[in-house]
Structure formats: structure tokens, C-alpha cells
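Shown next as C-alpha cells: one chain only, the form predicted on its own.
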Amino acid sequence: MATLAAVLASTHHPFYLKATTAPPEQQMPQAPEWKRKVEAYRETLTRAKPDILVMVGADHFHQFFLDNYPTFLIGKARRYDATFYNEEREFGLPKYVLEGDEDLSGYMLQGLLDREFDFAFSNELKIDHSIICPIITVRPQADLPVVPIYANIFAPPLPSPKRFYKLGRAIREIIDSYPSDKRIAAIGTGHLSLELGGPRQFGEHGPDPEFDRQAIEWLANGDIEAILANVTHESLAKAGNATAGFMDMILMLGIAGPEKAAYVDNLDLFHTMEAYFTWYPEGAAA
């Protein structure tokens, strides 16, 4: 059977690359620390020696809109074009072509359907910065095949936080049962408190520092009971109009299981809190 080598959950700030590769005199004050933290986080994936990356993200209205927005979707392509024009223009993200893993995608899709998750699928999916940003930060070689999974965190009605967690548990079961000797890492990105286009977008810190503190504590401790007792669509909206992205991080905790993270770090970027978590399933990492 396959080995789940590591589970990573983080934020996906699209300006990381631009901020840390600009000439030193043009860099924001936090750039050196940001780079150090990301490079330390990268080592948590390198240590796991993965062969395939299962990557969880969300489409930022690049190819899905209110006329057709799937709740959950998996890519089944041989390869994936990545990076949309506005991401190149605004964030300085390069274009990528990532290799897919059709066999694992197909196996996972069937396993999810068997577990009563009615997934959409795409053989022509293009991926955006929710997946490209973690490639840049934790696997800049972009040398491993990926299985991309998109979850709707933007277009109400949204699945519940509990549904995201259950989906993570289902993905874990499927990876554990995959008939292969491959080492699989699961990487997913979302948000802590975040305001996009609203009055709290450019404050001195994220729009809800107390939520950020609690969210980091919950994920670090694997405390799914506290998450499900406190996190609702209403509480997420109160914390910031884009804070529903936290549900993708709940999904990653579902894949890891309700246990403490092996690696936890964060960085306050004045308008948002960046956070980094890694779990190593028992016996998976050397």
C-alpha cells in the first residue's frame, strides 16, 4: 500500500515570490524573515521524500463562476497548465506545467464516489495560485506529479466545516488503501482571518487576531472538537470576508487525523497572518 508521508497545511500568500526576490532595497521589512520561515517549512516536505503530491486548493473565480461552480472537484489530467494572466500581472507568478498522476486521480475519484462524495472531475483543469503558491514555497523544483483537488470556499452555499473534515478523512482512507509503493504527501492551503476588498483589508494585522490565535492553536493541537464546536459559516464571515478558506485547512487536518502537528510556525504580515503546519503520520518520515 502507499505511504502517506506528510500532510502540510498553510496559507497561500500570492506575493511571497515577488516580495522575496525583489532587489533588497525594494523588499518589505518582513521579507528576509518570511523567506527564512518558508525555507524552514520547505524542509518538512523534503524530509518526507514524496513521490506524488495530492494538492488541495480553491479556484479564485478564474475558471468557475456562479453559473457553474462545483462544490468539490478533482483533476484527472495527464498534465496541468498553471497561472492565469492576472496572477502573472499582479503577483509576478510564472507559468507552470505540472505533471499529473492519472492513476491516483482515477483511484481517488472512484474512492470518493464510493464514500458518497459526489465529486466533479476535469480532464482540462487549469490551476491557480492556491496550488502554485505551495509549489513555489515547498517544492520549487515542480518536479513531482500532482493530483489537484478543488473545494468551494467562495460561492455560497458552502459545505459545512464538518463536511470538509469528513472529506479529509475519506481522502486519508483512500491514500492508505492505494495499491502502490509510492510515498504520497498531501498539501493544502487556505486562509486564517482574511479580508479581500473590504474595509479591514489593509489593517495593521489580520481582521480578527483572536480568531488567528485560536485557529493556530486548534490546528497545532489537532483539536477538531474545538474547531467544529466554534467554527461556523457565520463565525468565519465575522472574522473576515475570505476567512472561509480556513475550511481547506480543516480538510487537511482531516487527512492528518486529530493529532498534534509535528511542525508549527506563523508570521504576522501586518494585514494577514501566515501559518505553516506539518503532520507526519506514524512511521512515515525517516
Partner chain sequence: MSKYYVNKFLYTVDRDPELLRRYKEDPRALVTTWEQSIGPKLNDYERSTVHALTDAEREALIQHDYVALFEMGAHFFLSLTIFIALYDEEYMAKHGPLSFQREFAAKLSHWTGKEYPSVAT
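Residue numbers count along the first chain shown, from 1. Since this is a predicted model, take the numbers as computed values, not measurements.
From this point on, the text means the form predicted together with its partner chain, which you will not see here.
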| property | result |
| --- | --- |
| 4.5 Å heavy atom contact, residue 195 to its partner chain in the predicted complex | yes |
| Residue contact check: residue 121 to its partner chain in the predicted complex, 4.5 Å heavy atom | no |
| Its partner chain contact at residue 200 in the predicted complex, heavy atom, 4.5 Å | yes |
| Heavy atom of residue 204 within 4.5 Å of its partner chain in the predicted complex | yes |
| In the predicted complex, the residue from 233, 62, 35, 42 that sits within 4.5 Å of its partner chain by heavy atoms | 62 |
| 116, 90, 176, 181 - the one with a heavy atom within 4.5 Å of its partner chain in the predicted complex | 90 |
| Partner-proximal stretch of 236-244, 256-264, 42-50, 222-230 relative to its partner chain in the predicted complex, 4.5 angstroms, heavy atom | 236-244 |
| Within 213-237, the residues that have a heavy atom no more than 4.5 Å from its partner chain in the predicted complex | none |
